[in-house]
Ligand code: 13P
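Only one chain is shown below, in structure tokens, and it's the form predicted on its own.
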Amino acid sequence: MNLADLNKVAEAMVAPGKGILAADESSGTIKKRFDTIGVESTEDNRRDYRELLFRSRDAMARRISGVILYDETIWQKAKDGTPLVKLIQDAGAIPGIKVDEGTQALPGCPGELVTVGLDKLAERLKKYYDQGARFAKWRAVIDIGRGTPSHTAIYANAHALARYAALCQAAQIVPIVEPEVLMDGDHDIDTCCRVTEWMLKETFQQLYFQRVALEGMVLKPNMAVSGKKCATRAPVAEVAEKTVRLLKNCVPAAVPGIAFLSGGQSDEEATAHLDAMNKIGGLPWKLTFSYGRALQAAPQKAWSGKSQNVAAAQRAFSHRAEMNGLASLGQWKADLEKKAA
């Protein structure tokens, strides 16, 4: 492992004013997204859609540091025969790859899940590195409900994240460590804080046990937010203050940066929360974004599978990338959204 090179990539992934495009939707997930815009989820349509994002040269060059790809996408070529990985590299961004293989029921823990995919991961990582990937992503999913999460679920998922991260670094690939506490329930923000703190502390304990170099990784956590079904949603200032406090309690300063997932927040919510945290300032790590739906919902709707809509879709993507790039610097203002509309 060459830690200096890993650190260089990790720092580039959280470069000021830039964030990570999560374009790693599984075939099932992107089918659901395409269903909402009336587009058939064929291999060609998936390629065409992702190609239009990667060819958004201004947005990619100015505001996107890296792109997380799905296994199908990392091997695909654009219509003109250019590898999609090369489009990303030519735009100045870093190709990455989702390497987990989804979730399975956790034995003895009804309703809880554990992420799988460690078997033969070392072999897959070598192939992905040869294909141009310089970072990877593994997502753990923790649900809040009656009696959950259990210690078993927290431990099993944190342990898997750490083993994945160690394998990545051995393959000279920067791991994005993504422990996601879901916002699907009716819990309040303080419950989210407690569970997220528990998950993060166990994750960093396991990273230590697996000898993962913190300087060569990026953390991708959820923000501290109220559950979607909670009667009272915490305001932006409270989300920012409690998330920052939580992270300071859990995340060592050696970690170069934290790239938040949007986790079901609306486009502007995710942007406003990120901006408010950066306005607090005085943080030991960079705070940026690693958004999927919060960057892509608008361009998907604008595109709707029609070639004549590509330019409009690229404008929509560029706008969301610009808004989040500004938020990562603490320079976003709500009236910038209104001006664009």
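Small disclaimer: the values here were computed from a predicted structure and weren't measured. Sequential numbering from 1, following the sequence displayed.
As for the form predicted in complex with the named molecule, it is not shown, yet the points below apply to it.
A heavy atom within 4.5 Å of the named molecule in the model of the complex is found for exactly one of Thr196, Thr203, Ser262, Thr243: Ser262. The closest heavy atom approach of Ser56 to the named molecule in the model of the complex falls outside 4.5 Å.
Remark: Arg139 counts among the residues lining the named molecule in the model of the complex, judged by a heavy atom distance of 4.5 Å or less. Taking non-hydrogen atoms only, Trp303 never approaches the named molecule to within 4.5 angstroms in the model of the complex. Although the partner is absent here, Thr288 is not a contact residue: none of its heavy atoms lies within 4.5 angstroms of the named molecule in the model of the complex.
Listed stretches are 289-297, 309-317, 43-51, 58-66; the contact stretch with the named molecule in the model of the complex is 289-297, by a heavy atom cutoff of 4.5 Å.
Counting a residue when any of its non-hydrogen atoms is within 4.5 Å of the named molecule in the model of the complex, there are no hits in 109-134.
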